[in-house]
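We begin with a single chain expressed as C-alpha cells, specifically the form predicted on its own.
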C-alpha cells in the first residue's frame, strides 16, 4: 500500500502596494475561490505539532513563541481565527487555506504517481483561479503567486511531501536509511536558486544553487518546522490509525514546477521507504548532514564530496547511485510506477553525469540555470545582476501570462507527465483509489450536513447523538469504491454512517 501527498505554501505579492498584510492577502485569496458563504468545517482538534515520532511529547516549540506573537497581532485584525484561516475542503478532497502568511494547498491523498502529479498541478490551477477572482475585485492584476520556497530576503516557506508508513518501522532505522537520501535527492529535485541566504540574514548574490530550501536546514532531527528546521521532521500526526501508521512529514524539499521532477522526487522517496522497510537500504554514516546538504546544493557541477564519519568522502551523485542500485536489486519486477521510477532514476543520474542538457524541461534547477545563463549571455549580465534574481522568481509564477516555466510548457519545451484532461478531472474530484474521493464527495453532496472534517474522519451535525464517518483505516481501493458508491446513492450522509 502506498499513500502520499504534497502540501505547498505559495508566495504571494501585491504589486500595487509597497507594503501589504500577507495574512489578510492570503485570507482574501482563499476566500476568493469560494462560491458560497464561508462556513468553517475543518477540525483542528486532531492536530498536535508537539507529538514527536521518537516516542515523546515536547512541552514547547520554538515556533510557539512566534505563534503567540501572531495571536497578539491577529487580535487587532477585524477577523476571527476561523475567518483568517478560511479553511476550505474542496470537492476533490484537497485542503486550501491560509497558513497565516501564505496560501497553502494540500493535495488529496494519492496512491499513484499520475494521481499526485495531476493533483499537484490542479493546485496550481485552483490557486491561480483564486488569484484571477481576487484581481477581478481589485480591478487589476496586482496579486501574483509563486510556487517557490524563498522571498530571497531570508524567509523560507515550504513544500512538504508526506508518506504513510507502518508504525512497526523503528524510527532509528528510518533515520539512518533516509537522511543520506534526502540531502542528495536535490540533485534531481532541486528547484534552483540564484544566491545564498540564511534565515533573516544577508543575501549573497551570484552563486547558483540546486536547492531553494537547503540554506534553511539547521538540524538533523526536530519536531519544529518554522525554526531550527530539520532535514527529517519528527512530528507525529498520522491522520490515520495511530496504532498502525505513521505519517512521514518531509519539509526538506523544494516546490517543483517540472512534473517529471515531482514524480521522480515522490517516486524515489517512496521506493527508499520501501527499501528501509525491507532492511535493504544502503548505509552511510555522514559526518555532518546539515553541512552536507548545503555543500551539495552549492555545487551545480555535482563534484563536491561530503565527509563520512569514517574519514572518507563521497559525492551526492554516488550516494544516489547506491540507493538506485539497491532498489534495482530489490524491485527487479514490479508494478508500473516502480518500473517507471527505476528506469527514469537511472536515466536521470546518467544524464546528470554525462549529458545534463537532455534534462532541460525535466529537472527544475537545470532548466532554470539554462534560462538564466542564456539570458545573461544575451544581455551581457553578471550573475550578480538583480535582473537575473527577478527572472529566478518569475520562473515560479503560476500565472500563465508571466510564468517563465509555464511559458516553456506552452512552447512544448517541457516533459509532461500527465494530461490536461487529468488535471481538469483532478480539480473536480479526488483519486478514486483513496479516501480523498469520499471526503470530496461528502463536502460536495452533503456540505450542510457536516459539522467538521479532518483527513481521517467527518463529523456530522446531529440533534440527538454524535455521528462520524471514520476513515482512519480506509486504505483498500476496493473498500473506497464501495463506500463511495453508497454515499453517491444515499439521500443523507447519516444513512451511510449508520450503515458503515
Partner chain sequence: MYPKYTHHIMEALGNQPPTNFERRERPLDPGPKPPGPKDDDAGPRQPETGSPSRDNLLKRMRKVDPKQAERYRQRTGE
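Positions refer to the first chain, counted from 1. All of these numbers come straight from a predicted model, not from anything done at the bench.
What follows is about the form predicted in complex with its partner chain, which we do not show.
Though the partner is left out of this view, residue 433 does reach within 4.5 Å of its partner chain in the predicted bound form, counting heavy atoms only. Proximity of residue 275 to its partner chain in the predicted bound form: non-hydrogen atoms within 4.5 Å are absent; the residue sits far from the partner. With a 4.5 Å cutoff on heavy atoms, residue 79 does not count as touching its partner chain in the predicted bound form; it lies far away. In the predicted bound form, no heavy atom of residue 247 sits within 4.5 Å of its partner chain.
Comment: 376-384 is the region of 376-384, 170-178, 324-332, 306-314 lying near its partner chain in the predicted bound form, near meaning a non-hydrogen atom within 4.5 Å.
Using a 4.5 angstroms heavy atom cutoff to its partner chain in the predicted bound form, none of 83, 471 and 489 count as contacting. This chain lacks the partner; the member of 289, 403, 267, 238 within 4.5 angstroms of its partner chain in the predicted bound form by a non-hydrogen atom is 403.
Scanning 416-442 for heavy atoms within 4.5 Å of its partner chain in the predicted bound form gives 416, 417, 418, 419, 421, 422, 424, 425, 427, 428, 429, 432, 433 in sequence order.
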